[in-house]
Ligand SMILES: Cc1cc2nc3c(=O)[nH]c(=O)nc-3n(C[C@H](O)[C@H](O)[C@H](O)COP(=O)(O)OP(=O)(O)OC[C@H]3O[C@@H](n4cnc5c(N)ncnc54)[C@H](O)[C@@H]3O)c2cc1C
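First comes one chain, alone, set out as structure tokens in the form predicted alone.
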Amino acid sequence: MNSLESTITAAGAAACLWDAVVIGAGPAGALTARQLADGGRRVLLLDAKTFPREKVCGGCINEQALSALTNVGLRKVIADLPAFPIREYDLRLRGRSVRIASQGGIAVSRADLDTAVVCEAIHSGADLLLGTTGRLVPRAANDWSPTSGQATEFREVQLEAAGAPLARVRGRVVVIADGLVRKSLQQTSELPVCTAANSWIGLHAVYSADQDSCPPGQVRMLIGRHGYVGTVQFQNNTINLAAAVAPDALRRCGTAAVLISELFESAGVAVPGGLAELSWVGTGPLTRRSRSVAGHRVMVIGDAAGYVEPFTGEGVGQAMTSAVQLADILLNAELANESAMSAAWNTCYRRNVAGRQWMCRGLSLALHRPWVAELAFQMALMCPYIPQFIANRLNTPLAGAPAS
């Protein structure tokens, strides 16, 4: 896929008052920008990386995400991508296997998916600024207008490149969609996030499909005492590997390759060759929760709003569905009515995202306790309709209507 180019400079962006500044061009940010621009809003979408770029992700785009794209007329985005339909999930624990039929979804590179959605945002009229970090300016610096005696009707974002300040941009609304690390909020105490004490961390690598037996259309989940690893094949003859592992286990093993090899061996699956030579990418703690996802003219969405260790692509599905919902709220609200926008998004997120994560949280708790994971696996072997129900539930599209 070809590289994307910025459509505006930092200086050009600073000369405008944007209806929305969206920080982070992953599925949540890019789709929010597309929807707002398609609705006639002036939108600046920025990302610290250049595109295309990979992400620490399993590469599973489930039916939630596909439904969200279909509902806004973007199913063609998926149809044009090199992707395998997902037929089944193969769960492995200590040499035993439980296979679950998939109710939809595809396996596709995040580099391909994210670039395609960003292109749709540009096509709808959003401006793109890449290779630029955006940091929300603390409210105390810009929340009062001496002329009106009221809170200002915009927020400021400091643009940086390679650690050097470039310019400040203004947006009537700022959407934070820059993932787990949330660099955009590091200069302010607004909207804090709580990290689970026992949270695992993410690992990601890509290797040749010739080194693995994972067939096209199958998502393989290998469960061990100190984490789990998922593999799926892409159409470019590569295997995408994404894992959630205990930090202390990674420290004990010394390298990601050693720990991942242990997980393969404990699940009774042949270890792919050359793991030590792969380029490994990691994340910080995965499981996080925000008490509030909206403040004064700032909305948080996607992984930046809250995250639970992933299983079958529900993270991307929730990100895309909530992007459509947030855009609907912003398009249907008066931009001057900041409190109504914030209240609507907090309510919508609690109901349609946080309120639907209970199953993932339960699975995560089970996987953190080997004896519970063993018991759950035995039940799955005896009653295969239970894991099938869970898989179907995780893939069920979220409600499309935003809170009012």
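In this text, all values refer to a predicted model and were calculated from it rather than measured experimentally. Don't overthink the numbering: it's just position in the shown sequence, from 1.
Form predicted in complex with the ligand: not shown, discussed below.
Student: Within 4.5 Å of the ligand in the predicted complex - does that hold for a heavy atom of every one of Ile223, Gly227 and Pro272?
Tutor: No: no residue has a heavy atom within 4.5 Å of the partner.
Student: Name the stretch: of 177 to 185, 292 to 300, 91 to 99, 263 to 271, exactly one has residues whose heavy atoms fall within 4.5 Å of the ligand in the predicted complex.
Tutor: Looking at the other structure, the answer is 177 to 185.
Student: Although the partner isn't part of this model, could you tell me whether Glu314 comes within 4.5 Å of the ligand in the predicted complex, counting any heavy atom of the residue?
Tutor: Contact with the ligand, yes.
Student: If we define contact as a non-hydrogen atom of the residue within 4.5 angstroms of the partner, is Ala28 a contact of the ligand in the predicted complex?
Tutor: Although the ligand is absent here, Ala28 would touch it in the predicted complex, with heavy atoms inside 4.5 Å.
Student: Consider Gly105 of the chain shown here, and say whether it contacts the ligand in the predicted complex, taking contact as heavy atoms within 4.5 Å.
Tutor: No, Gly105 stays farther than 4.5 Å from the ligand in the predicted complex.
Student: Is Ala13 close enough to touch the ligand in the predicted complex, meaning at least one heavy atom pair within 4.5 Å?
Tutor: No - in the predicted complex, heavy atoms of Ala13 and the ligand never come within 4.5 Å of each other.
Student: Within 4.5 Å, heavy atoms only, which of Leu191, Leu74, Leu203, Ala121 is in contact with the ligand in the predicted complex?
Tutor: Contact with the ligand in the predicted complex is made by Leu203 alone.
Student: What is the one choice in Thr115, Thr133, Ser109, Thr287 with a heavy atom within 4.5 Å of the ligand in the predicted complex?
Tutor: After the contact test, the surviving option is Thr133.
Student: Listed by sequence position, which residues of 48 to 85 have a non-hydrogen atom within 4.5 angstroms of the ligand in the predicted complex?
Tutor: Result: Ala48, Lys49, Phe51, Arg53, Lys55, Val56, Cys57, Gly58, Gly59, Cys60.
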